[in-house]
Structure formats: C-alpha cells, structure tokens
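A single chain comes next, written as structure tokens; it is the form predicted alone.
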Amino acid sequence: MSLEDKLKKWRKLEAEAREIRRREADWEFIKKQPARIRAALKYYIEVGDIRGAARMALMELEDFRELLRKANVPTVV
C-alpha cells in the first residue's frame, strides 16, 4: 500500500469519526455550556484533538472526558 493510499484511508477514517461525533453529540447540552466550554466541545467534535480541546476549556483531561460523556460525544482511547 502506497503512502498516498494510506493517507486516503486515514482521511476517510477521520471523516467517519467526525461524522459519528457530530451525530451522537447532545447539541442541546452543548448549547447550554459557557462559551469556552462550548467552543472546546465543538473543536473536539470537528478535530478529534482531546488534549487541545481540554486545554482550550482550561480543564484537566479526565474532567474534559467526563464532560464529553455528559455531552454524549464518543471518544476513542
């Protein structure tokens, strides 16, 4: 498998994961959050960068994971 094929496969997997996060998220819960938290949740849903999203939210990683659970946003460990 060429590097280009691997990149295409990776991009497809990332797009599928993003779509699942968007679909499963509790958008009503997310809309009720303070602006910083809401932005971090949306960032995670779109990008999948949990550490960056936790930093954006000014939260510890485990606390942010708990917030994702409350928002019904799937994560992969």
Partner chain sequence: MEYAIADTCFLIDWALWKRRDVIFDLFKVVFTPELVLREVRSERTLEWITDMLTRGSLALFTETPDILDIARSLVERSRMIPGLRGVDLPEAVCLATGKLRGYLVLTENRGALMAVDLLEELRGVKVWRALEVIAEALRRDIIKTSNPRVIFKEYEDETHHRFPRRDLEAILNELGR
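Worth saying up front: this structure is predicted, and the values here are computed from it rather than measured. Positions refer to the first chain, counted from 1.
One more form of this protein exists, namely the form predicted together with the partner chain; it is left out here, but the text below deals with it.
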Using 4.5 Å between non-hydrogen atoms, is V47 touching the partner chain in the model of the complex? yes
Hey, in the model of the complex, is E19 touching the partner chain, heavy atoms inside 4.5 Å? no
Spell out, yes or no, whether the shortest heavy atom distance between L58 and the partner chain in the model of the complex is within 4.5 Å. no
Report whether the minimum heavy atom distance between K32 and the partner chain in the model of the complex is within 4.5 Å. no
The partner chain in the model of the complex - contacting residues of 1-18, heavy atom within 4.5 Å: L3, K6, L7, K9, W10, K12, L13, E14, E16, A17
